[in-house]
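In structure tokens, one chain follows: the form predicted alone.
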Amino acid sequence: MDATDKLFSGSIPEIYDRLFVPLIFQPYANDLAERIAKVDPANVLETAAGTGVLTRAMVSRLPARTRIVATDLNQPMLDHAMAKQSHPGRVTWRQADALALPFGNQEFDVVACQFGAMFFPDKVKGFSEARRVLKPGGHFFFNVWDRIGNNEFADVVTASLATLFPQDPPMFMARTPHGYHDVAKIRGELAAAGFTGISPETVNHKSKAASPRDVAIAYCQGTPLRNEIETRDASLLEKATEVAADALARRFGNGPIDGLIRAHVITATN
């Protein structure tokens, strides 16, 4: 993982939440929140909360008595999430590293992580920390993207940028968000962290957007892919967005478009 893969700063949080969240994250947040609600937890810890899409989904589905603590490594993402909080007092927001959680042992009934495990530099350590703070019999719910070839918008955008930067193509999407998709490996690392009752499920959704350009802006300007583009040539950010939009239009058409997204949803018990 490159150092820039974990940088969500500047204008990225706003674009991410405005375009990227409804594009690919909202349906999986709803799915995860419904799974969590079924176990009726009293205390929930969310790691890698980002701009709070899963947090908001949990608030809408869990009773007011449920304590929700939402954490993220990136303070700018939490700042954006807190600004959108519609139920003051329901959520405690805290900057924290999922690999070194600032909580005691066995504090939570559920630990949830929406598309964050791919960013853990040490997966077993991150899973071990989740297990450490879980009560006996507690549940760890998380999801990860399937390979990039099964996520059509991400695949087209990545391929298009390789034509603009043929000597050094930006590979953030393939390397990190879509780089941790081997279910057998995930099972093994959860088991190494001490989890049992590991249940993976592959879930498909359709990613929908008003236009190819909205998708291109979401990926090229609202994720750390932007950092890769600007590292190569900051003056080409708009050109890169145009190249991606053109490729998406050729593949999916102009106007409203949709494409396959696929993720693995994992439940593990302590």
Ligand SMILES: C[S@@+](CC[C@H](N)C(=O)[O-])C[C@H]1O[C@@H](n2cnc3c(N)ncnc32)[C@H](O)[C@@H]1O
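Residue numbers here begin at 1 and follow the sequence given. Since this is a predicted model, take the numbers as computed values, not measurements.
Missing here is the form predicted in complex with the ligand; even so, the following discussion is about that form.
Please determine, with the chain shown alone, which of 157-165, 74-82, 187-195, 128-136 has non-hydrogen atoms within 4.5 Å of the ligand in the predicted complex.
Heavy-atom contact with the partner occurs in 74-82.
4.5 angstroms heavy atom contact with the ligand in the predicted complex for residue 252
No.
Consider residue 180 of the chain shown here, and say whether it contacts the ligand in the predicted complex, taking contact as heavy atoms within 4.5 Å.
Close contact is absent here: in the predicted complex, residue 180 is far from the ligand, nothing within 4.5 Å, heavy atoms only.
Using a 4.5 angstroms cut-off on non-hydrogen atoms, would residue 151 count as touching the ligand in the predicted complex?
No, no contact at 4.5 Å.
I'd like to check something about residue 216: if you look in the predicted complex, is any of its heavy atoms closer than or equal to 4.5 Å to a heavy atom of the ligand?
No, no contact at 4.5 Å.
Can you work out whether the ligand is within 4.5 angstroms of a heavy atom in all three of 25, 49 and 96 in the predicted complex?
Looking in the predicted complex, the three residues 25, 49 and 96 all sit within 4.5 Å of the ligand (heavy atoms).
Looking at 225, 36, 244, 53 here, can you tell me which has any non-hydrogen atom within 4.5 angstroms of the ligand in the predicted complex?
For this set of options, the contacting one is 53.
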